[in-house]
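So here's one chain in two forms, each on its own in structure tokens, numbered structure 1 and structure 2.
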Structure 1
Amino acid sequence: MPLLKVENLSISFRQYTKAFQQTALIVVRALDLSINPGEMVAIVGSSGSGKSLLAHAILGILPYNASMAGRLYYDDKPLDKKRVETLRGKEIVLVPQGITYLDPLMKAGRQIHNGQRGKAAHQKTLSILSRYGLDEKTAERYPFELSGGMARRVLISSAVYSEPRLVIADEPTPGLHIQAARRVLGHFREMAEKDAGVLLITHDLELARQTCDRIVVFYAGYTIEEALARDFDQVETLRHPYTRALWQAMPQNRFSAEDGRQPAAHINPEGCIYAPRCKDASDLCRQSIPYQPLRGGYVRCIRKEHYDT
């Protein structure tokens, strides 16, 4: 039974085009996702593809001008606004993207134990800090006294303090050197081994490949592929032309730059979202493209040869 299940989620923003004209800008469409206890799932996508919004939607902290449709289940029960308010910060935690989420006027230690007093809280704070390679002096520092990488580890420390069951980590590793990044992901893995679910939101495909069990690829608001991490060992096992282009662009593979770019959110072509950049697009790609199971994963592409290989 999945710990978290997301069904047909879409997120849109109200926008004013002219003085009194409102339009809805759809930024996430028809998203399906599930995370089992003990599993690490990565969502990989470029900036502006709507990844962070997914995290905010799960936690019920979308901005006031955003609205969502679709269904969320946590522990097999609907996750509504009221329920998530009682769970977040305890069972469900967010490791936010920006280090600006730290309170600039509060010492790091206090942000980790959330104001709890007493020796036990202090000891626990120090032991978490040391797990991330930070010494006890860090607890006494204000955010401006920390380097970018240290501030990030403080954010992670404050998230794991409550021993959560679902961790949503939104780009937790940029600015960390590779060993520190692996160590952080290693700690998420430890939590997964104790049956927590981890959702990692990242654009670092290599890190996702090395540390997660499944990878969901996001493109312009659509989930276009769900693959096992090991499907990324070679390009042939990947299911979508965009995922293949991503693989080719990795510095350790061909470092090759495909032309074109992700369409802006207000542009919504009929049919396949990737068709304008796809070498193999045909007239068939103008119809609506379903998200279908394929070889243990999913793909949003109708190209026959991809189903066969």
Structure 2
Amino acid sequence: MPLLKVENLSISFRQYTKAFQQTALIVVRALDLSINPGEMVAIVGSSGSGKSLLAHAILGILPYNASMAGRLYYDDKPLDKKRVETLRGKEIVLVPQGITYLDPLMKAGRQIHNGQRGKAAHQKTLSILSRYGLDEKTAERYPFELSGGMARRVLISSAVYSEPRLVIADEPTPGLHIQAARRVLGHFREMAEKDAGVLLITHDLELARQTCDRIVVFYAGYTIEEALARDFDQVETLRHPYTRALWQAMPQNRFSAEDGRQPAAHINPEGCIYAPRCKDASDLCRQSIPYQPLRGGYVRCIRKEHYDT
């Protein structure tokens, strides 16, 4: 049974046009995703593809002018606004991408145990810090006294403290060298091994391939492929032409960029969203494209037989 299940999620924003008229700008369309206990799932895609909006939708923290459609389930029950408010920060936690989320006027230890008092809270905080290679002096330091890597581990420690069942890590490794990034993702891997579900939002396809169980690829607000991490070991086992283009753009592969760019949110071509850039596009691609199973994964491509190798 999935811990989290997202079905046909769409997100739009109200915008004002001329004469104070309102229009809806749809930025996320038809997103599907599931995460099982003990599993680490990566969401990859370029900026503007809807990755962080998915995290905000799950946490119930979308902006006031946003509207959401679709279905969210947590532990096989609907994840509505009232329920997510009781779970957020406890069973469901966010590890944000910026260390600026730390309160600059509060010591690290207090931020980890969220102001709880008593010897038990203090000892638990020190134990978690030790797990991530931080000494007890870290608890008495303010964020400006921490290095970037230490601050990120404090953010992770604050998430671990509540013993969550679902962890959402939004770009936790920007600016880190490869060894430090691997250590950070190793901490999330430890959470998954303790039966938590981990949703990793990242631009780094190589790190996702090395640390996650499954990888879901976003493009212009759509889920276009879901694959096992090992499917990224070679291009032939990938299903969608955009995913293959991502693979070819990795440094250890051909490092070649695909022509064109991801369309803006207000541009929604008929049929396949990727067709304007796809070398194999045909008139068939102008019809509605289902998200369908293929070779142990999923793909949104009407010409899936071309990739069924």
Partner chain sequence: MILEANDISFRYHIGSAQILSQFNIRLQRDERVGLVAPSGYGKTTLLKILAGYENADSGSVLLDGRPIQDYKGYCPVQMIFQHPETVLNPRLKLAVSLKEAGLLPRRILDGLGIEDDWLTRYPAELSGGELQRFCIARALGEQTVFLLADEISTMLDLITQAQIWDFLLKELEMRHIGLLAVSHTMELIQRLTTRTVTLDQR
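The term rigid core refers to the maximal set of C-alpha atoms that superpose within 1.5 Å between the two forms. Please read these numbers as outputs of a predicted model, since none were measured by experiment. Just so we're on the same page, residue numbers count up from 1 along structure 1's sequence.
Comparing the two isolated chains, structure 2 is the one taken from the form predicted alone; structure 1 is not. When the chain is split into two rigid parts between structures 1 and 2, residue 185 and residue 99 fall in separate parts, each C-alpha being assigned to the part whose superposition fits it better. Rigid-part rotation between structures 1 and 2: 10° for the smaller part relative to the larger (C-alpha based, whole degrees). After superposition on the rigid core, the Cα atom of residue 143 is displaced by 3.6 Å between structures 1 and 2. Taking the core as the fixed frame between structures 1 and 2, we note the C-alpha of residue 123 moving 4.1 angstrom.
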